[in-house]
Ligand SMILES: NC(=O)c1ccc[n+]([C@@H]2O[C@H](COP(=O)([O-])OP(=O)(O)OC[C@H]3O[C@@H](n4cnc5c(N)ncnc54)[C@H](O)[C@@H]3O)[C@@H](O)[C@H]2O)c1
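We begin with a single chain expressed as structure tokens, specifically the form predicted alone.
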């Protein structure tokens, strides 16, 4: 028997049994569903909704008419539904009776889209992060608390079988007392040459794409698919992958808030960010480290978009360092416990993932439907999504300031730092209005 695949101990055995099972949908009702943002990931979510058998797609919305038409054709092929299409989410909610809204737009649109959906009386499945700024996420949280709507955040690792069993192993003391957590995502890359700006394609409403964000010149690297590395629209790798892995750490520590956050990073390999009338590059850091100090442990986030995995054992996940050993929870490589005592066997569980994309959206959507039907909070509710988003954005806030921040998790304010607190929000481009909190 190979050491890597050996399962030993009561904690590990119990953890295997605890993996979640898909709750059978009642199928007594089909929910009138709208998708806002019909790109690759939005359609992935909608396919799961259709496969679950309780969805009637009444509307699709996107600023890219080509993608909108392709999405409508696919929905018709999959279900026979003929959804009406919209370029403006406000018109959609004015004209349609929507019971479930899926929000899969770029990050800078999440707050306005979600708040409109809640106001229209819809339950919401929102992709992470829950805001481009902490203030936006706070506004969604306040609106959800004031309503009786269910909000599920797309943190599918909260419900993936090996994540559930691995978290049980940790919480049952499998790694002992944990004093440090290291979260990381690494990939390959090199210098970034500027891309030429151009007129947006005829099928794309670039003015609406930018919306409340600055109206920067269009270039094909932003849309489709590249927006995450442009800070006008998202928050780079920390605001993307980081939300997932910070959430794993927050899950383990029962949603504690950090006391202080410090982040440093930049673009030492990709090169200085460029934005001129004729050309531009992305502007998110190609490498970044963020340190989170909690009451009884320290956590770090790190990413780089160069060098690849190299000599490291894995390029993604979390290490939990305890007095009994080191626990790693990853993605396709499952989880592994490396005992401090070399005489003990390594414990490992393989991942159980929904292919071909390797995510467990089927489980998360089933959990969402169950919550709507029962009124119980979903596995990745808005409180959970908000906290993971806030942690990631505190790292970005510290990076922008160039100094550490002290965080009051109860008041959700930076302590004694007016400049930092101003960065919890940002100015919206007219005529858009920043959402009020409460």
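Positions refer to the first chain, counted from 1. Source: prediction; values computed, not measured.
Although not depicted, the form predicted together with this ligand is the subject of the following passage.
- Interface residue remark: residue 166 is not counted as part of the site for this ligand in the predicted bound form, having no heavy atom within 4.5 Å.
- Proximity of residue 37 to this ligand in the predicted bound form falls within the 4.5 Å heavy atom cutoff.
- Contact check for residue 127: a heavy atom falls within 4.5 Å of this ligand in the predicted bound form.
- For the chain shown alone, residue 158 is not a contact residue for this ligand in the predicted bound form, no non-hydrogen atom being within 4.5 angstroms.
- From the list 298-306, 74-82, 217-225, 256-264, the contact stretch for this ligand in the predicted bound form under a 4.5 Å heavy atom rule is 217-225.
- This chain appears without its partner; in the predicted bound form, the one residue of 382, 63, 394, 57 with a heavy atom within 4.5 Å of this ligand is 63.
- In terms of contact with this ligand in the predicted bound form, the residue from 106, 317, 334, 200 that brings a heavy atom within 4.5 Å is 106.
- Contact annotation for the candidate site: 182, 289 and 325 all lie away from this ligand in the predicted bound form (no heavy atom within 4.5 Å).
- Taking a 4.5 Å heavy atom cutoff to this ligand in the predicted bound form, the contacting residues in 239-258 are 240, 244.
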